[in-house]
Each structure stands twice: as structure tokens, then as C-alpha cells.
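Single chain ahead, by itself, as C-alpha cells, in the form predicted alone.
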């Protein structure tokens, strides 16, 4: 892997050797956050907190007592994870001004390792969406819209002119986290993944997006969307970094009864040199008619790459795939309806001024607090949960979910090690094109390759593979057996090394020439191993 992608494992070495201090690193990232403010990747920038944490980290390094690989490393957190003393909004008017009294377990674990929290990142409201375009704080812009690679293909004037119309979406719902990592404003970010919300934006922003096995990482403090499918996701610039972060986060949490009981040891990812023992499955049902020719071609080339290195590549069948998006929709909206009932204007969050009656207050609070997308999903979910519909929709969907999970079990039991699939149907769409369709239609299309994994509770990772003809990133997805997250990442790391995905060139992103070298310096910190 070329070091120029800004791996934090390399930065960690530079910090230990004193080539850069945590405070300098933090200030560089803060300066980049300010310069890339128009990307709208962050909802809240926790500048004071970050500088204080960097200062503490610096003291530890001076005493030779660093806490590990993440000490002094700038990270960002999606704004649906609770952060003590820092506003947590879920990009909704319902939670504007809500400051949690505690940290989510994953946030606490990162802070305990000395990570420096740069801020909270933007998303679709309550993480419902696949574009990061439907939050109360406006859409997130994809850093690749301003990359040299894309601009040269577009033969367009540099940033500043025509800027309002031709920028691309980041994908969603963790678009803020993906953009933050892609634009070098942090080295790792937390997202959440309910139906693809970490993997989708990772593919569109040219970064690694990892969804752990359900139950491997605690959900405590992640504001729930769909309890039975939500998992915290990890976004980084290389697979090794995702493994380091996973090692810090994985394990039992007494505050989350769905986490595994067995202790999980932090691991460094061994380097795989030989793939000849591997069996790679290609699900035939994933050859969707809407799949773009370019993604299909890269998918096929990736399969050939494994084959040419001696791996066994076979076509497999996941027969219930065609039912999965409908099944997901029923289960997702039903759980959403149940989870959103807590936002009633009584305990926390927004409360309207109407005091005619409790019912009127409830209704007005929810009307003012939630956007149309959230209200639409609540309505659909409550319909499926009506007494007369419950058996026909919710219970039936639960049964189909079991069949979908069994499809994966059968494939893995037949000797397949990992599945290789596309992550998205196509590269990132221009914003103006994306918003022509409503959120529900877009999500149904965009989650096609990703949501079945959530229903089955499996680990999956999106790895950037190459640039399209337009100069935009395309990602492919690897799906592993439940709780074989380490093996999955090991294979993804081998693949990443083979494809040598190019570094984003962000000269166009800056109005002044000065900051270009700053980004390059930040990226190349990792060359110093």
C-alpha cells in the first residue's frame, strides 16, 4: 500500500518518533476542517476539546507513556453517537441543542486510547437515507467533486465557478464521516450501518468502510434506528487502520446485552501472501440490471485477479435476494416507528409551544421535529404493525429474514470464505440528479447490495478499487462469515495492496495554493514508518 493515503499507523510512528506532535497534528486537521467547511462534513467542530485532548496526549508522549496506536490521532464521530458535553443532533430539529450526559461506549473506548475528537459529522436525519442529503443541516458534498482527477475529466473551471450545480453526493447516511476521512480532516471516523450506511458513502468517497458482525461492537449510546440491524461502522483510508480501530472497539459491553460474551483480543492484521487456499463466492443474484457497466467490469476484474493468483472463484446463489429489499423495508420501518416513539417532547429534545392538550403537544412536536422522510417511515412502520396487518407484514418479513440469513449460512458452509460483490450500483451521482427521486426510492435502489448483510448480521467491508472514466471512486464489497471479521479484513487488505487505489488530489479544493502542501504533508506523514 502506498503510504500517501495518510494511514494512521504511519502517523502513529511519526508521533512516537517525535517527527510531529499531537498538537501540531490536531491543528493541521482543524485548519483543514476550516478550509473544507463548504463540504458540510461536520455539524459540530469540537475545537477546544480536541486541542485539550491533543495537549494531554503530548504530555504522555513526552513521558514515553503513549497509550497505543490511536494516542494523539484525530478522529471524527457521526452525529448519532452520544458524546458527553457535545451536542448530538442526529441531523434533526428534534434533537437540536441536545447535549448527552454520557459517551457512547465506542466513543469512550476511542477516547480511552487517547484519540483526539475533532467533531461530530453530518448525516441524513436519524440516519435515514443513502445520500447524506436529507439532514436538518443541509447536504454533504463529496470531496472528489473538487479533486484534480474528476476536474480534469470534466475539463471544468476550478472550484469557485459553477460550484453550486455540479458537485456530487457522498452517499449515506454516514456521508459526513466518509467526507471527513477522504478530505484528510481526520484519520478515522465512526459511522453507523443499518442497511449500508457506512459502506455506501465509503464507496462513493474512495475510503474503506467496515461493518462489523452484529454483536461484536457495542451499540450503547448509538441513537437507535433499527435495533436488530444497527452496528457502529468504521471509516478509514486503509484496511489496516480499520483493523486497528476494530481491535479497540470490539468486545462485550455490559450496557449492550446483544454484544458477544467472549473476550476479544486486540489484533494486528497479518499480511496475507498467498490466496491460493481461498474460495471466493460471486452471488449471481447480485448481477442487477441497474448495475453500471463500469462497476460490473471492475467486479469481474477483481474476480479474475483472485483467480489469477490461484484462488478458487465460484458462482454461488443467494436465492431469496429478490425479496430482501422489501423485507428490509417492512422490518426497518416497523422498528423505526417503535424507536421514534421516544421523541415526544416530554423528556428531552424539541418541544412545541402548544399546550392545549398533551395529544396536541405530541402531534405538533413531532410535526416540527421530524422531516418528511422520518415521518413517512414512521407512518409506514405503524401501518405494518397494526393488529390486522401484523401477521401479514411484520411476522412474514421476520420469516423471510431468516431465509435470507440461511442463504448466507448455506453458502459459507459449502466452503466459500468470502463473497465478492459490488457496493453500489454506480459511482457518486451529482446532487441535482440525486434529488430528482424521493428518499425512499433512492434508498431502495442504493441499499440493494448492502442491506441483506445487516439482516444476516454478517461482517462486510467496502474497499476502493479504482477510478471510473469520470475520475470518481468505485468500491467493491467483501462479505464474511459471522464473527470472522479478522479473516475478512485480512483478505480485504491483500486486495487493497493489489489494486493500489490512487490518492485523492485535492488541489482544486483550496482557494489558496498554500494549503495544498499542507494536505500533502499530512498525507505523507504515513511514509515515515
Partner chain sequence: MWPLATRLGLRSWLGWRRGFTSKADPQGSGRVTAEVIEHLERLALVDFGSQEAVARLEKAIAFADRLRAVDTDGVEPMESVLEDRCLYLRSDSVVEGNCAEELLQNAHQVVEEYFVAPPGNISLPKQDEQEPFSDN
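Residue numbers count along the first chain shown, from 1. None of the values given here were measured: they were computed from a predicted structure.
One more form of this protein exists, namely the form predicted in complex with the partner chain; it is left out here, but the text below deals with it.
In the predicted bound form, the partner chain sits beyond 4.5 Å of every heavy atom of residue 434. Using a 4.5 angstroms threshold between heavy atoms, residue 255 counts as touching the partner chain in the predicted bound form. The shortest heavy atom separation between residue 214 and the partner chain in the predicted bound form is within 4.5 Å. In the predicted bound form, no heavy atom of residue 87 sits within 4.5 Å of the partner chain. Distance criterion of 4.5 Å from any heavy atom to the partner chain in the predicted bound form singles out 282 from the list 282, 411, 111, 278.
Put simply, of 272, 264, 363, 136 only one has a heavy atom within 4.5 Å of the partner chain in the predicted bound form, and it is 363. Picking from 174-182, 411-419, 351-359, 239-247 the stretch near the partner chain in the predicted bound form, with a 4.5 Å limit on heavy atoms, gives 351-359. Contacts between 400-427 and the partner chain, taken as any heavy atom within 4.5 Å in the predicted bound form, involve 400, 401, 402, 403, 405.
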